[in-house]
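Here you get one chain, nothing else, as structure tokens; it is the form predicted alone.
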Amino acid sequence: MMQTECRRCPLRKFPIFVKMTDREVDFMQSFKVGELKVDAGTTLMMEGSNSPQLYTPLRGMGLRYKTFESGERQVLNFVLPGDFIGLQAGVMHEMQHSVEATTHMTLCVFDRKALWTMFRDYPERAFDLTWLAAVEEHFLGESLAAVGHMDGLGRVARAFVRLHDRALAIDLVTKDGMHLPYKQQDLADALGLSLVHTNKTLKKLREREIAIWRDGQLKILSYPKLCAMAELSEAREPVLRPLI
């Protein structure tokens, strides 16, 4: 199968990602061991497993979730192109959550054993991993704060703003909106809401002509109003992030 060379990675052109030196690109090419294409519903990583591989999605979307003894699952967050998957397994030798493909996905595959070479020979790249872990912790804390502080309307608005901003940064937003292929139950789980409450909240956003999420497509009709509802500044600057 034809593989994407790191030098020609379609994600590197987006300004949201920190520029890499030629030396770093060469290392990433040696770190990459292949590409994987999976269908929707495929489990990429299983909670409690010791995966030998790490991934960065080139195309497609997925989600992270935890499973309880009852069999119910709690969605933690959503996976978009450019995210790094499997850092927990790489550092802790065991995944603390599962990752599943929501759509067809193409992923860069990395050998977990080479992770420590990065720390030894490429400290700047290793710092990027630390940065990603810190940001993940920050957003988890923000999500918990939102659950404790905001009503359902605020939580859904904040989720839509965050997802829209992430998609916009990698050119996944058009005049018709963005592809958001998740279920209402996924969004409800991620935000600590019931399905009924989530459905009513989405209806309010439609009626107020702020946002419409229907048939896997999210269209934001008033970004300023959505930001205000989410308690986020419309003028905030995007945060540059490393691409692994």
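So that there is no doubt, residue numbering starts at 1 and follows the sequence shown. For the two forms, the rigid core is made up of the largest set of C-alpha atoms that agree within 1.5 Å on superposition. Computed from a predicted structure; not experimentally measured.
What comes next is about the form predicted in complex with the DNA, which is not displayed.
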Site test, Lys37, Thr42 and Gly60 vs the DNA in the predicted bound form, non-hydrogen atom cutoff 4.5 Å: no
The DNA contact in the predicted bound form: Met46, any heavy atom under 4.5 Å: no
Partner contact for Val33 in the predicted bound form: the DNA, 4.5 angstroms, heavy atom: no
Interface membership of Gly82, the DNA in the predicted bound form, 4.5 Å heavy atom rule: no
Contact test in the predicted bound form: Thr67 vs the DNA, heavy atoms, 4.5 Å: no
Options 25-33, 171-179, 46-54, 186-194; stretch whose heavy atom lies within 4.5 Å of the DNA in the predicted bound form: 186-194
Contacting member of Asp151, Glu124, Asp165, Asp111, with respect to the DNA in the predicted bound form [4.5 Å, heavy atom]: Asp151
Sequence-ordered residues of 195-223 touching the DNA in the predicted bound form, heavy atom within 4.5 Å: Leu195, Val196, His197, Asn199, Lys200, Lys203, Arg206
Rigid core superposition, Ser30 Cα moves 2 angstroms or more between the shown form and the other one: no
